[in-house]
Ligand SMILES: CC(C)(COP(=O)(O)OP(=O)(O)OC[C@H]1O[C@@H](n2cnc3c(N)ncnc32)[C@H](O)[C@@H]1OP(=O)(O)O)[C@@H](O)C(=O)NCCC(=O)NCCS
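Listed next as structure tokens is one chain, alone, in the form predicted alone.
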């Protein structure tokens, strides 16, 4: 078996390999590029291919990010050809990436949830081999989360009457303009700073894929889409100022984004890494689509 670093010459074959061997996920070329070369922390030394007879039998990508708790290493993507599993392929790839995480001072490792550029917020337990692999590598499950699916086909998401009620209270909801970016980011820094990279991406999109709520000319809420896994129907993030909750602002902002996604031609919206499942069920009838297990290993 030969292990080498990933390069642009490997792009087509590696993308095809992942599509064929990650049976519960879709990775078209444009999305594979977003997850690899377009990742701001992409490191070719931590993006590896395992080959036998010039054929790919394994792929693994690691990225290191600085988060509030320190530097964290993520196994962002991994796939092994089914007939080559449980033969040490993933272990050899992981050992190389793990050593690099240790060398650069990572304090912990996690699996898949490499926010803000990530494919999955954890391991779908249907990838049973992956669960067994990470547990053998002494990762510990510490949480789980869900992706919800919203059927856009039979809903209109009209918010006109609801917005009229808010306007009488000097609360205005609108699509953000480029001139709103600085004020919106300043608002997000107060309570939702983890989402700054995704909101910044929303302001780069055409049209801008974020709606905001103003109260007396001050941003008090936002809702975005197409900020990660672009053009695949992903919704989020969103947030409302704690002082303005209970006024239906979040529901309106959500529906505005879902209406946009429907106009894009999506039949479904994916609401990832969800905490308040009842909120989304209430406002758009979304249901749990997938469950993910979150794993972490503390490095000494």
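Residue numbers count along the first chain shown, from 1. Just so it is clear, the structure is predicted and the values come from calculations on it, not from any experiment.
We do not show the form predicted in complex with this ligand, though everything after this point is about it.
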Discussion item. Taking this ligand as it sits in the predicted complex, is residue 88 in contact with it (heavy atom to heavy atom, 4.5 Å or less)?
Written reply: yes
Discussion item. Against this ligand in the predicted complex, would residue 151 count as a contact residue? Criterion: heavy atoms within 4.5 Å.
Written reply: no
Worksheet item: Wondering, does residue 132 line up within 4.5 Å of this ligand in the predicted complex on heavy atoms?
Response: yes
Worksheet item: If you check in the predicted complex, is residue 112 within 4.5 Å of this ligand, heavy atoms only?
Response: yes
Worksheet item: Taking the partner as it appears in the predicted complex, which of 90-98, 202-210, 216-224, 138-146 has residues with heavy atoms within 4.5 Å of this ligand?
Response: 90-98
Worksheet entry | in the predicted complex, the one of 118, 127, 187, 157 near this ligand [non-hydrogen atom within 4.5 angstroms] | 127
